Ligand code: RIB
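For reference, the chain that follows is the form predicted alone, supplied as structure tokens.
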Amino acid sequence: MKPSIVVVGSSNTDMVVKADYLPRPGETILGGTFIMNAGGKGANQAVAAARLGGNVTFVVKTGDDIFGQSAVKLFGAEGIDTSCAVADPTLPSGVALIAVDANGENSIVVASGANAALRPADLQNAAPKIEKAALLLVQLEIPLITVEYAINLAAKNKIKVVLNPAPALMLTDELLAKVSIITPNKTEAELLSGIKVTSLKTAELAAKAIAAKGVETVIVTLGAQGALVHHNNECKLYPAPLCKAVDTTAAGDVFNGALAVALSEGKEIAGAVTFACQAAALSVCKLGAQSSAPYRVELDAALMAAGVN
């Protein structure tokens, strides 16, 4: 049995419209392609990890509706353990409205639905799995009290915790000290550090400030530039592979899912970040969230072509 990854997080149905540009406030534009598929940061990361060979358990709350039922069915088809998924009969499943421009940039509005009702009590069945996992992966699209509960449970059992602090939210130093690896983007790094990230140098300063709060490893994701890693008191930039971006919606989620897989397989930080950067680069070449997550055979081929073992 492969070492397990427990993902605690959100699930949404993404409704995506492709357009030449993102509309300004009050502006209506005619878009092109419409796609509806499964999304949500937790779900995206769980699917990305499963497609890359991870042994994944997903802890999630959906509505007991067509969107939630469809999502859980899809997770099962991806090989994800959904035994800890909860259906709320009183709330709708989460929905995200996404506009994507010709350069792959996006604008997103989320109606959280049942995601906002995922509480510590809903994690009771998952507790034994978290306590025995190789790694816990969490984000911030669910209530902070639930994130804190999951992290505290993992830390108590000396389980590695990867926190993707998205969407941006202030976190206590006490909680951060229990996180093994944190993966903010520029906006999130600015909020957590108090340092505006406008360059590689300021990204380094932000990473050091976050590390000073007790986080073992800080990985600031910088989009097309790659990922800046602060580890063992040293900073290093891991460049992103060159590619033509079609849709960046799930790039960060694929990065985190891939990072979790690499770490669960025993890779050191350098190898894990290289693995994750290549996976994220493959994802931006496709439209959609979960639909853009690459399979392990694709990633292995890309890594081999790049001369990476």
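The first residue of the shown sequence is 1; numbering continues from there. All values derive from a computational prediction rather than experimental measurement.
The discussion below concerns the form predicted together with this ligand, not included here.
*Asks:* Could you tell me if G257 has a non-hydrogen atom within 4.5 Å of this ligand in the model of the complex?
*Replies:* So G257 does not count as contacting this ligand.
*Asks:* Would G40 show up as a contact with this ligand in the model of the complex if we use heavy atoms at 4.5 Å?
*Replies:* Yes, G40 is a contact residue.
*Asks:* With a 4.5 Å heavy atom cut-off, would you call E188 a contact of this ligand in the model of the complex?
*Replies:* Close contact is absent here: in the model of the complex, E188 is far from this ligand, nothing within 4.5 Å, heavy atoms only.
*Asks:* Any of the heavy atoms of A289 lying within 4.5 Å of this ligand in the model of the complex?
*Replies:* The answer is yes: A289 has a heavy atom within 4.5 Å of this ligand.
*Asks:* Using a 4.5 Å heavy atom cut-off, which stretch among 244 to 252, 62 to 70, 24 to 32, 271 to 279 contacts this ligand in the model of the complex?
*Replies:* Looking at the partner contacts, the answer comes out as 244 to 252.
*Asks:* Report the residue, out of I130, I181, I98, V197, that has at least one non-hydrogen atom within 4.5 angstroms of this ligand in the model of the complex.
*Replies:* The option sitting close enough to the partner is I98.
*Asks:* Among V110, L74, A116, I159, which has at least one heavy atom within 4.5 Å of this ligand in the model of the complex?
*Replies:* That would be V110.
*Asks:* Relative to this ligand in the model of the complex, which residues of 123 to 143 have a heavy atom no more than 4.5 Å away?
*Replies:* Result: E141 alone.
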